[in-house]
Each structure stands twice: as structure tokens, then as C-alpha cells.
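Okay, here we've got a single chain as C-alpha cells, the form predicted on its own, with questions on binding and movement later.
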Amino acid sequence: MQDYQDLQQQLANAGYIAEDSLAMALALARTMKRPLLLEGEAGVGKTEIAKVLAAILDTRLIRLQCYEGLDAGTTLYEWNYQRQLLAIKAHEKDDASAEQIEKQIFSEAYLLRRPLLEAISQDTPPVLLIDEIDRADEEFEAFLLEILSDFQITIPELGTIAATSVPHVVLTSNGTRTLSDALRRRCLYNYVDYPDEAKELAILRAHQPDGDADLLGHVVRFVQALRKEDLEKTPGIAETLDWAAALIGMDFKRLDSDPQALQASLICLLKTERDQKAVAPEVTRRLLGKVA
């Protein structure tokens, strides 16, 4: 199937190095118009996939960030009550009936579209990113499943609004809770893991094409070794990119050229107090021994 290889190359050109399985999943999701569920640890680049996909398709990215307590109303639409009140006051001077006023203020002109309604209202299919679906509760997951099945939304005052175009839907999950079998059946699926050394180096080179090859290799091997330590928050790809950019900005040629500055720079990788204390200078020296 040539399509997935073309897509894989487009992703690479945009700075995202995708394995065959991920590129195939993205290609099939587009062809079959099915949502794609991406699961994996935080920081492995799941959200970035949706951003890059929107960029290479030259379309809008519409993001719905999930959280505990998220409900249907927040994600579909709201009425602009302030504008409605102003309109009612303005019509008090008219001879319009209550029915006429109601018909006017409950029109699309007073409708505030939230992510799900916005996503199905685009002439060009957008990328709809439903981020961290595992943070929402099971009731919202069931509601979302209905939306993804029909791609239409009923507004009591306006009727049923069918999708103008079917969005490219990407759901992400960090695995904080088990998702329903029904949602998994509705979606295509890919597990996104931390990259191996070769892939992470390719990602780094894509983002730092002028960076010193030896330094970039040392950065990747250090981070790969660091991920095996007992950390509260394992550094992801974004942290690797930040650290490499910081070292290049400080004109590092070798990781061991300035131990004190190197230790201080680990704030790019270690994002909790416990982890910063755990990776003391002696730990850094031990990890450096695995780099060369």
C-alpha cells in the first residue's frame, strides 16, 4: 500500500518520524473514515501526531482537551445568553410577538460552537484531536461514542445538524483508566511507545539538522539511559528536543566538557523535585559512562 509510505514521508518532512505501524494506522483511518485511538505514556508524541497531520493536510486542528467532569454541553454548543438578552431588550420596543423573538434569538447567529459541533461544521474536514480521553468519565465516553458513530448533533431549538464533512478524528490516552470495549471497537488503534535510539536520533536530526552529529548521538544515548532510572516522570521526546537545543545554545561539543553546566541543564529533562534530587552528579557521571 503506497499511501501509507507517502504519508510516512510527509510526516518525516514535517519533522515527525513515524514507524510503519503508525503511518499505516493514520493512512487507514483517513481511507476508512474511522477514528484513530493512540495510546501510550505521556510525552511520547501522541498529541504531536494530530498537529503534524493537520499541517500536512493543510486543514484546521480542533482540539478537545478532556478532563474529569467534562460533559456534553461543554463540548457541543452553548447559547450566547448575553447577546440573547440584549436582543430581547432591543425587541421590547418592537411589535414582535414572543414567538417571533424566541425564533430569532434561538438561531445560529446566537450559537457558540464548541469543539465537537465546530468539527462537524467545516467545509474541509479538520483534524479533531480528542486529547486524553482517559481523563473523562465513562458517561462522556458513551456520549462521544454516539457522536463518532453518527457525526450528527441534535439541538432542540434548531433540529439535527449533520456533518458538513467527516473530520479526521485522533483520540489519545495515557492509560490512566481502562477505556470501554465499545470505544475500542469503533476506533483503529496504535500504541505509541518511547522511541528506540535510532528513531530518537532521527527525530533529533530532523529538528536540529545543523547540530553536531556526535553531540546529538550522545544526547540520545544519555536520555535512553536516563529513562531506565527510577523516575517519577520519564522524559519524553519533547524533553529530549529541549535539552539538545539548550546544549547547542550553550555551545556544548561534548557532554563531559562542562560537568557543572551539564548538571544544571538537566532541568530540561527532569520535571519533578524528586527526580532532580535523584539524578545527583554521581548518577550523571554514571550515565555519562554509558554514552561514550
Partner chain sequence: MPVEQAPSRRMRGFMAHLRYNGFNVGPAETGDALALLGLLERPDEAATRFGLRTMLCGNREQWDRFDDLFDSYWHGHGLRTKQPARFADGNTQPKRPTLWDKVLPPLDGDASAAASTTTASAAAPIGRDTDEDAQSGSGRLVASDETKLRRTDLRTLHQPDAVAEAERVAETLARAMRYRLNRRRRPHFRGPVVDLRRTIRRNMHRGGDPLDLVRRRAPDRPVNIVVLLDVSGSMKFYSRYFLLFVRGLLSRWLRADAYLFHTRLARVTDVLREQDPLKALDRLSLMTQGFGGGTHIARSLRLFNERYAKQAIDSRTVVIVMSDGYDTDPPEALATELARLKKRARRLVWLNPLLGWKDYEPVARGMAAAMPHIDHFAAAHTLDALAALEDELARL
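Residue numbers count along the first chain shown, from 1. Keep in mind that this is a model prediction, so the values were computed, not measured.
From this point on, the text means the form predicted in complex with the partner chain, which you will not see here.
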Just one of 151-159, 118-126, 170-178, 205-213 has heavy atoms within 4.5 Å of the partner chain in the predicted bound form; which? 170-178
Kindly confirm or deny that 11, 16 and 238 each have some heavy atom within 4.5 angstroms of the partner chain in the predicted bound form. no
Candidate from 36, 53, 247, 44 lying within 4.5 Å of the partner chain in the predicted bound form - any heavy atom: 36
With the cut-off set at 4.5 Å between non-hydrogen atoms, does residue 267 touch the partner chain in the predicted bound form? no
How about residue 185 - does it come within 4.5 Å of the partner chain in the predicted bound form, if we only consider non-hydrogen atoms? yes
Might residue 257 be said to contact the partner chain in the predicted bound form, defining contact as any heavy atom within 4.5 Å? no
Does residue 191 make contact with the partner chain in the predicted bound form, using a 4.5 Å heavy atom cut-off? yes
In the predicted bound form, which residues of 19-35 put a heavy atom within 4.5 Å of the partner chain? 20, 21, 24, 25, 28, 31, 32, 34
